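Take a look at this single chain, the form predicted on its own, given in structure tokens.
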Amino acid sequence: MSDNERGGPEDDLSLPKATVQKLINEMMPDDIACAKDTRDLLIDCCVEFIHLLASEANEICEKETKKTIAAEHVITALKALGFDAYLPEVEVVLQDHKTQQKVKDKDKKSGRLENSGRSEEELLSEQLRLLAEAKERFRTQQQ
């Protein structure tokens, strides 16, 4: 894939160094340090892996005449690239993500009622009052 296909020069594409360093520190034993050039090499490898996986998922998506890459396309790409060993963990992460999204969506919907500071009965009463006022304005305009 050329730089133009990726959207610009490779130097523009990277992962946050502090985040990668934090991940490395969490994975490594306390008595082992990781050099900055090793961290940078890991970042380059991760970016290249993401490009490879995204490219394969995009091809699968295009074959299915879809316009959006879905999680299933990424899973199929992992299989096609021979990364089957990662699939169980990927499936768990995907399921966790879906669960978190459902909770987030539910909280967003229920939050409106709870954040209003009024009871459901008060809100219903106000809605009925506003509806009656709108009907009255409509009747007045019709005369």
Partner chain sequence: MRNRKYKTKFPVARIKKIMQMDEDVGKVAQATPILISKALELFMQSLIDEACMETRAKNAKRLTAAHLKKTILEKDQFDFLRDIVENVADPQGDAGSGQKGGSGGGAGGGGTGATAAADFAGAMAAARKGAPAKLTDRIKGKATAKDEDEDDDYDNE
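All values reported here derive from a predicted model rather than from experimental measurement. Positions refer to the first chain, counted from 1. By rigid core we mean the largest C-alpha set that fits within 1.5 Å across both forms.
Omitted from view is the form predicted in complex with its partner chain, to which the following refers.
Its partner chain is not shown here, but in the model of the complex it comes within 4.5 Å of a heavy atom of Thr68. For Asp105, no non-hydrogen atom is located within 4.5 Å of its partner chain in the model of the complex, even though that partner is not displayed. Its partner chain is not shown here, and in the model of the complex it never comes within 4.5 Å of any heavy atom of Ser125. Its partner chain in the model of the complex is approached by Glu48, whose closest heavy atom lies within 4.5 angstroms of it.
In the model of the complex, its partner chain lies within 4.5 angstroms of at least one heavy atom of each of the following residues of 77-94: Leu78, Gly82, Phe83, Tyr86, Glu89, Val90, Val93, Leu94, in sequence order.
In the core-superposed comparison between this form and the one not shown, Asp31 has its Cα shifted by at least 2 Å.
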